[in-house]
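Starting off, we have a lone chain in the form predicted on its own, written out as C-alpha cells.
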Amino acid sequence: MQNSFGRKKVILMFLLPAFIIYTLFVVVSVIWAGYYSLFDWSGVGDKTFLGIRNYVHLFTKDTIFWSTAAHTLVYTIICILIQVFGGLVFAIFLTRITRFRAGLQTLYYVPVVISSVAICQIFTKLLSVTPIGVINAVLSIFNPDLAFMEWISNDALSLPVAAFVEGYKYLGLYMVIFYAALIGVPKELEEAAIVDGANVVQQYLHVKIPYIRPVIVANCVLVLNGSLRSFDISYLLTKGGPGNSSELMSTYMYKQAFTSMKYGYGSAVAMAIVAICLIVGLVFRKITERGDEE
C-alpha cells in the first residue's frame, strides 16, 4: 500500500509541472480567446458583446475562411508527403551507405536549424524572376520561356511552393527520427527475411517499414499538427498572396486580429482553428488505431 502511494507521488511529481505549464500557456489562452471571440473589439477601447454572431458570420458568410481551410488542407498534405515520406526515403538511403554518412546526415539537417526568415530569403532569391534566379536559369536551358516563370507571385503555384519550402526545412528532422528507428530494427528480423529469399526492397517493404509503423504514425501526427497551424513560412514567403491564393487559416487569423484590428473576430477564427485541429487529429488517430487493431 505504501509502495503504491509512493509510486503515485513520483508519477504526480513528474506530471504536475508539465500539467501546470500546459494549463497556463494553452488551456488559459484558449479560454481567453473563446471569451474575446464573443465581442466586437479592436484590441483597445471598449468591447461590444455580440454573443455567437462572430461564429455565425465566420461559418455562414466568410467564404475566405473556408478557402483558407482548403488551402491549409492542401498545404498539410504536401508537407506530409515531403517531410514524412521524403524523410523516410532519405533515412533508408542513409542506412544503405557506409561512406560520408555523417556528413550527409549533417547536410540534410542544416535547414532545420536555419531560421525561417533566412530560408525564405534563400528561396526568394533562388526563385526570383528579376534578376533571374538559379532555378529559372537552370530551367531556361531546357525551355527559354521558363526563365520568366513566376513561382511566388503565381496564384496557381504560390501555395505548393510555400508548402515545399516548409517541407524542405523540416525534412531533415524527420529523416533523423526515421534513421534512428531503422537502425533499431533487430538484425534477427533482417537475417530471417534474407534466409526466406527477400531482396533489399522486400526487406524494407515487409519487415523494416512495418516494424517502424508506430514511428511513421507519430511523425504523421507531428507534421499534421505543425502544418495545420503553420504560419511563418507562408507569411514570410508569400504573405498569403497573390490575393488569397496561399492564405492559410493561421495567417488569415493574424490578419483579422492584428492588421484589420478585428481582435474579436480573429479570436473566433482562432477558436475555429483549434476545433478543426482537434477534429482532424482525433480522426487521424482513430484511423491509425483501427489499422493497429487489424
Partner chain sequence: MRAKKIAALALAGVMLISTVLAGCGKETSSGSENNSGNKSAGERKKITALIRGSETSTTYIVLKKLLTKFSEEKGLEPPEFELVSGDADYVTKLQLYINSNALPDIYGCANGALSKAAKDIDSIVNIGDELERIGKKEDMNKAVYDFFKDADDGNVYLFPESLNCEFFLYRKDIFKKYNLETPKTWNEFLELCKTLKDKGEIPLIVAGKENWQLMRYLSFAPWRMTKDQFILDYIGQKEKFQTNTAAKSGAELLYTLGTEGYFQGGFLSTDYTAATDLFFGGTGCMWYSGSGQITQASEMYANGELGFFPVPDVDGEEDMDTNTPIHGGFGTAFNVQTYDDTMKEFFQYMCENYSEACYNDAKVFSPFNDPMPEGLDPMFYDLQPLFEKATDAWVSWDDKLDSATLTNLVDEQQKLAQGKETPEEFEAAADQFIINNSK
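Computed from a predicted model, the values in this text were never measured in an experiment. Positions refer to the first chain, counted from 1.
Just so you know, the form predicted in complex with the partner chain exists too; it's not on screen, but the next bit is about it.
Put simply, residue 130 is close to the partner chain in the predicted bound form: some heavy atom of it is within 4.5 Å. The shortest heavy atom separation between residue 258 and the partner chain in the predicted bound form is within 4.5 Å.
For the chain shown alone, residue 239 is a contact residue for the partner chain in the predicted bound form, at least one non-hydrogen atom being within 4.5 angstroms. Shown alone here, residue 34 lies farther than 4.5 Å from the partner chain in the predicted bound form, counting heavy atoms only. Screening 106-114, 71-79, 145-153, 169-177 for residues having heavy atoms within 4.5 Å of the partner chain in the predicted bound form returns a single hit, 145-153. The candidate spot formed by 44, 244 and 263 is fully in contact with the partner chain in the predicted bound form: every one of the three has a heavy atom within 4.5 Å.
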